[in-house]
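The data below hold one chain only, encoded as structure tokens and taken in the form predicted alone.
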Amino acid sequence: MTSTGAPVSAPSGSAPPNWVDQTHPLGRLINALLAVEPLRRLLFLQARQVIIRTAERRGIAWRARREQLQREAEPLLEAVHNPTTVAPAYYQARFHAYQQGNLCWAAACEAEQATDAMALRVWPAEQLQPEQAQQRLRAAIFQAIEPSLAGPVRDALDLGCSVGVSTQALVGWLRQRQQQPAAVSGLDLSPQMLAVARVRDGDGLVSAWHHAAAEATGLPDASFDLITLQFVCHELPADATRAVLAEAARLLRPGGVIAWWIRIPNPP
């Protein structure tokens, strides 16, 4: 088994702001303010509006795309939902300013736009279109994987696939990389995310979308040559990360590759 960890960060930047450090007085003050629920909701609402307006100025049709995706994805929810899948407590907690974490339509129908906004922030000094930034980001990821792959990939799994941005990029890369077809699947805990993924995968290039926990997929042993976790583990508790990586190791064929990335701030 070969594991590839490729942190992706902006090419230029500064240390994390003081308000993210609980050992700093400003950080402690921010945490105290966020503990007041009405104030916390107001602050997150204002921050969210700033994020949306900034993204729309950069060419991301945030609100229009959200409405379109929800309209098209809602009829697909039952088809992708696995009733035996139970989300662990950490996944149901408030996250990314969503009260229900990722288990809601708002999170699912804004994930594509948020991913594009994240890609643009990697190159803040360049006037890139969202599609250009996304393509450059995924190309860097796959370039990091390539040296670890000994031959063609037959089966690949994108764990924590969200709405399939990473999964579809993986499909496109493997189609360019090799003549032998590869079966690429995506897996996520949110049925709403998977319903949106099905909408985005209109051509049906992804072989399967699995509604399951990444730490207990229910998939057969040694099923995949390549398993990716693209910007997943940094959002998990440490014990969940260990469980997910153990499950990925179970799913991996001998000589296969597990590749995962986190986004980290640049050092000062």
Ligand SMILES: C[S@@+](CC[C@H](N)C(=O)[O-])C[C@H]1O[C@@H](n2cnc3c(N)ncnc32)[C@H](O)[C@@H]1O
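The first residue of the shown sequence is 1; numbering continues from there. Remember, it's a predicted structure, so these values are computed and weren't measured experimentally.
Beyond what is shown, the protein has a form predicted in complex with the ligand; the following relates to that form.
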| property | result |
| --- | --- |
| Answer range among 53 to 61, 234 to 242, 219 to 227, 66 to 74 for contact with the ligand, defined in the predicted complex as heavy atoms within 4.5 Å | 234 to 242 |
| 4.5 Å heavy atom contact, T115 and the ligand in the predicted complex | yes |
| Partner contact for Q192 in the predicted complex: the ligand, 4.5 angstroms, heavy atom | no |
| Y91, heavy atom within 4.5 angstroms of the ligand in the predicted complex | yes |
| Contact flag, A214 vs the ligand in the predicted complex, heavy atom cut 4.5 Å | yes |
| V184, L187, C109, L120 - the one with a heavy atom within 4.5 Å of the ligand in the predicted complex | L187 |
| Members of 119 to 157 lying within 4.5 angstroms of the ligand, judged by heavy atom, in the predicted complex | R138 |
